[in-house]
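Next comes just one chain, in structure tokens: the form predicted on its own.
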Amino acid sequence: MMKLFDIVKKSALYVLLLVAALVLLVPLVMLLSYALRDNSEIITVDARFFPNNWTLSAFFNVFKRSVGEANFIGSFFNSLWINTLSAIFSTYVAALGGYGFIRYNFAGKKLFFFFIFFSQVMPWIVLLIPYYSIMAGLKMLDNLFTVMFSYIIICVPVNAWLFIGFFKEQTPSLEEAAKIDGCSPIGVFHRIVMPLAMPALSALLLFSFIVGWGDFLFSSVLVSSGRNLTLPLLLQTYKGMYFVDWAMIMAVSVIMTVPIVVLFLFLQKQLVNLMTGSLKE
């Protein structure tokens, strides 16, 4: 009887997981479906789930068409380099902060922890107005480094909070052994701690990259010229006064989604474990 109950329980769980997966996949399938049709078929009242006439014209137009200084290739590389650098820098700084918080005692440690905690409950949009005012005063608006720095400001506290939880679970035995052998604190961090923390680093690099990759709010306020547009901002150039090129919007959205999906498939285990605080060495 118990065996039958366990089978039913597992079957019900699998069915729920399958339903949840389908619910999450339907928007992605619809996005791809609309990217593979032309605008006349998108705006019709008789639109179907799958296109009647499959076409890649929207994807070809994405690479060929430009609006003033804005074009897909330029926007893609703008998004790529600022998000890659911000993800690497914010993750490294957060790792230093989280490790130092756990392994060392220093003045203001409790205050430091409070500020990190407070940053978790404060909406990111609260930072936008003061940040804009500061950058306007420094004449650094319409600058990709300003956008990159905003992502670093957002990600460092979150990553530091997660690193604190990660390093708290790690025993310092290998670090102490390395110090006995004459390794400096910085050497211990780079040669011992960083390799052991590679799963956490990978997961938080992905998280930090996603934060900026899909950002529209901060970049739309800080960037104004076409040459500095990121991919989310490029989407608004396909909207005119009398016409919206939905096919190209869908095509760019598909291209933006692919790298995130691929990265998440490779790193989903580390990311989920880290978020639940159960990531081990």
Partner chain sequence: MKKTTRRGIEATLFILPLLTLVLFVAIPLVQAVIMSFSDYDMLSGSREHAFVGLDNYQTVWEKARFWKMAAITGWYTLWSVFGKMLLGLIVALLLNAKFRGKGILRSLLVIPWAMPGIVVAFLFTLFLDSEYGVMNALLLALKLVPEGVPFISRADIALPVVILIGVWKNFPFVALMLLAALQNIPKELYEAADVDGAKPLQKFFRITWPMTFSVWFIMLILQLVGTIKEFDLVYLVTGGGPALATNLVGLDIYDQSFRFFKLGIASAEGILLMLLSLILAFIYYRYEFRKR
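Positions refer to the first chain, counted from 1. Everything numeric in this text was worked out from a predicted model, so none of it was measured.
From this point on, the text means the form predicted in complex with the partner chain, which you will not see here.
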Is there a non-hydrogen atom of T44 within 4.5 angstroms of a non-hydrogen atom of the partner chain in the predicted bound form?
-> yes
Would F115 count as a contact of the partner chain in the predicted bound form, using a 4.5 angstroms cut-off between non-hydrogen atoms?
-> yes
I249: heavy atom within 4.5 Å of the partner chain in the predicted bound form?
-> yes
Using 4.5 Å between non-hydrogen atoms, is G226 touching the partner chain in the predicted bound form?
-> no
Taking 4.5 Å between heavy atoms as the contact cutoff, choose which of I88, L174, L196, L128 touches the partner chain in the predicted bound form.
-> L128
In the predicted bound form, which residues of 54-84 put a heavy atom within 4.5 Å of the partner chain?
-> none
